[in-house]
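Have a look below at one chain only, the form predicted on its own, in C-alpha cells format.
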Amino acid sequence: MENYKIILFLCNWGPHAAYQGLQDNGYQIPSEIKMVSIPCTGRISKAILFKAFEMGADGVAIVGCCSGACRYGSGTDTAENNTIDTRSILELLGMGQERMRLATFLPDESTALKDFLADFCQQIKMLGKSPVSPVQPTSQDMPPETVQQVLTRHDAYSCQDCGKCTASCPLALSGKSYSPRTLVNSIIQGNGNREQIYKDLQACLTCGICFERCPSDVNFPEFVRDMRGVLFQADGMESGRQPHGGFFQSLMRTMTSPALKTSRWDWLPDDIRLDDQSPILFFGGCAPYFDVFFRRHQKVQTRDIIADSLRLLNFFDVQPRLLPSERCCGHDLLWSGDRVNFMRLAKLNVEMIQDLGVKTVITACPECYQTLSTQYVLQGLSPAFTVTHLYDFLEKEIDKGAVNFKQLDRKITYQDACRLNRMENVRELPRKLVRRLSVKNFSEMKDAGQSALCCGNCAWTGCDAHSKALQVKRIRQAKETGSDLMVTSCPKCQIHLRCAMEDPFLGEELKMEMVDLTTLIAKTIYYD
C-alpha cells in the first residue's frame, strides 16, 4: 500500500475554526494529511509551496479565508496568485498542476472542508506518487572538502594583498564594505568572524573582474564557489539567505529526480520546425520558469529568447531536436555551493543527451553554455558532444553573405553577460553581431568589455541594497550613452535590471527598453 504525503497549509483564522470543528465532532483527519498551521495564506510564498514538493510531498493544499474575510486584507488574493504560479511551474515540470489546490472556508463550513480534504486525497491517489525522490547527500556522493584543500587548489596563499581586486570589485565600488583580499585573508588566518565570512561568500557576484586584474592569477570566483561548497556540505545553505527564498535552487534540486518527465516545450509557437532525429540539439535553459515566477511584477518574457533562437536556426535551414525532458544545466546549484546535486543533474543531462546520439548542442544562454561546455568537463564529466553558443553559429552563417537586416530606428547599447565576457572570453563575438545590425547608432557604456559591470546578481545568491545600487549605476550608464534600447545577451540580466527599474523612487528615471540580442536579430534578419 502506497504511503502518500499531503501537506495542508491551514490559516489560523476562519478555516482553522472549521478544521477544529471537524476534530471536535470526532472526524478522523486522513492519515495522509500533515497539517501546518500558518498565520495567513498570503504569508506562504511560492518558495515555501514548492519546497514541500522538493521534500517529497505528493500534494499540497493551501486553505485560507474567503475573499473579503482575510484579517490581513490581501492574503487571499496573494495566495491565489502564488497558487496559480506554482501550479504553472508544476505543469512545466510534468508533475501536473492538479497536485496543488487552494480553497477558502468560513468558520462554520466544517462539512465543506471535510468534503474538500476527502476529494483532494482521492485526487492525489489517482495521480499517484510524486516523481520527485529527495535524496539526502552522503559522503559517498562526494567526500567533503576542507578549507585547506580549497585554499591550496586555488593557490590563495599567493595573494599579494595588493588591493587590485577590491579596487575593481563592482560591489566594493557600489559602497559595500566588501573586499575579496580581506575575505581570502580571513579564511587563511582562520580567525575571522564566521557569520561575516558566510555573508561575504554569499555576496560575491563571481563576475570575474577581480580574477582578470589579479597579478597572482588567483581565480577568486572559483575559490568563492568552492568555499560555498565547503559551507554547504558542513551546515547547509539556509534558503532564507538566498533571494526569493531559495526557490530556484529548490527547483533545480527537484530536477535531479530521474523519474521526473518535464513538459517544458508545450508552449512553443506553431511556426517552429523541429526534427526529432537531428544530430543537433538545442538546449533552452530555465527561461520558461523565470517567466512564470516573475510574471506578476517584472513581466519578463525571457522564453521569447528560446523561440527566437529556434526561429534563427530554422532561418538557416537547421531543424534541431529538443531534449524531451530537458532539465536545468545546474549552473546555479554549482555556483551556490550544492555540488552534490549539481553532479546528479549534470550526469542526468549528459546521459540523456548522449542517449539521443546528439553530436552538437547549441544554446543561447550564457550560463548554459559555460556550464555545458566548460564546467561539466572541469567537474569530471566527459560529454561526447560539442557545445556551441548560438552567437558563434550565427556569425559563421551570416558571414557567408546573402542576408541583411531591416533598418531599425533605434540607438542601442550593449550589456555584457559575465559568463560570456569573462569566463569564456567571448567578448567581441556579440559586438560583431551588434555591428551587423542596421540601427541608428551603437554606443558602448562607460564600463564595457573588460571593465563591464555585472547586472548585480548571479546564481540567486546575494541580493541587497548594494547590488541594487550597482544595477542603478549600470542603467544610468546605459542612458548616458543616449541610447533608447539596451541589448542584452543573458535572461538574468533582463530580470535583474528590470527589478531595479521597479524602484518606487527612481523607477521613472530608470525606465529603459531592453531586448535580447537573439530576438533583435530574429526580428530584423532577412535574405537579400
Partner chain sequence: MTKEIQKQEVIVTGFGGQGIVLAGKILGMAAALGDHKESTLVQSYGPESRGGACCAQVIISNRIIQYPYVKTADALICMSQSAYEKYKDQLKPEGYLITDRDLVTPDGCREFFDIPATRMAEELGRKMMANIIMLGFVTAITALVSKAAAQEAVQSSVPKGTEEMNLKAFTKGFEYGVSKLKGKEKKATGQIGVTS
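From a predicted model like this one, the values you see are computed outputs, not experimental measurements. Positions refer to the first chain, counted from 1.
Below, we refer to the form predicted in complex with the partner chain, which is not included among the displayed structures.
Could you work out which of Asp271, Asp355, Asp108, Asp217 is the residue within 4.5 angstroms of the partner chain in the predicted bound form, going by heavy atoms?
Selected option: Asp271.
Under a 4.5 angstroms heavy atom criterion, identify the one residue in Tyr72, Trp267, Phe316, Tyr198 near the partner chain in the predicted bound form.
Exactly one residue meets the criterion: Phe316.
In the predicted bound form, does Arg435 come within 4.5 Å of the partner chain, counting heavy atoms only?
No, Arg435 is distant from the partner.
Even though the partner chain is not shown here, does His297 get within 4.5 Å of it in the predicted bound form, heavy atoms only?
The answer is no: His297 has no heavy atom within 4.5 Å of the partner chain.
Within 4.5 Å, heavy atoms only: does Asp399 come near the partner chain in the predicted bound form?
Result yes; Asp399 sits at the interface with the partner chain in the predicted bound form.
Would you check, heavy atoms only and a 4.5 Å threshold, whether Arg311 touches the partner chain in the predicted bound form?
Although the partner chain is absent here, Arg311 would touch it in the predicted bound form, with heavy atoms inside 4.5 Å.
Which one, 413-421, 158-166, 368-376, 316-324, holds residues whose non-hydrogen atoms are within 4.5 Å of the partner chain in the predicted bound form?
Careful reading of the contacts points to 316-324.
Where, within 501-528, is there a heavy atom within 4.5 Å of the partner chain in the predicted bound form? Residue list please.
The stretch 501-528, when checked against the partner chain in the predicted bound form, contributes Ala522, Ile525, Tyr526, Tyr527, Asp528 at the 4.5 Å heavy-atom cut-off.
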